[in-house]
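One chain is shown next in structure tokens, namely the form predicted on its own.
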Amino acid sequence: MLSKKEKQLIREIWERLTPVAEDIGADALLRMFASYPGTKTYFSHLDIGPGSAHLSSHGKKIVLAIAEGAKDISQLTVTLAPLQTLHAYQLRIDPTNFKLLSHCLLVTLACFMGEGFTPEAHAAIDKFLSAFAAVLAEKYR
């Protein structure tokens, strides 16, 4: 699904974005909550307002997990196995939300990367985030 060149591009992009993981993750989550208010229900026990510690912390966890998956895309299922179990069996997150967050992440990355968000980068990241969401949803089958 991803060419060797796309995999390398994805690795490079996520390595560059890791230092601002908290900002990217928080921004993507805020976009998701604003665009899809039903997704807030999973966070009712946390303060998820702009600038909150919970939002920043969870956003950072998400981006770091994605960056970890980008290091070796061929091992994505192995890398994400603990998150699959957590989200499917303990948190019981509707798997549709993974796709919603992926879309919000694309918008956030476009904002953060500016001109670096080339059509090639957009296509590669979109494919990767789709694979990431699909792998997270595998435990639901």
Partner chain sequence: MVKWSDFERATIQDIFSKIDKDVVGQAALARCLIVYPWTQRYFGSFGNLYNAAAITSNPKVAAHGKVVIGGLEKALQNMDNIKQAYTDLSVLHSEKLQVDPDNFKLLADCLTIVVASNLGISFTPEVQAAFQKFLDVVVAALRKQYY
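These numbers were taken from a predicted model, which means no experiment stands behind them. Residue numbers count along the first chain shown, from 1.
From this point on, the text means the form predicted in complex with its partner chain, which you will not see here.
This chain is drawn without its partner chain; in the predicted bound form, the residue among Leu64, Leu86, Leu46, Leu106 with a heavy atom within 4.5 Å of it is Leu106. Here the chain stands alone, but in the predicted bound form its contact with its partner chain, taken as any heavy atom within 4.5 Å, falls in 97 to 105 among 71 to 79, 97 to 105, 38 to 46, 51 to 59. Not displayed here, its partner chain is kept clear of Ile93 by more than 4.5 Å at the level of heavy atoms in the predicted bound form. The shortest heavy atom separation between His122 and its partner chain in the predicted bound form is within 4.5 Å.
Put simply, Glu22 is far from its partner chain in the predicted bound form: not one heavy atom of it is within 4.5 Å. Contact annotation for 1 to 38: residues with any non-hydrogen atom within 4.5 angstroms of its partner chain in the predicted bound form are Leu30, Arg31, Ala34, Ser35, Tyr36, listed in sequence order.
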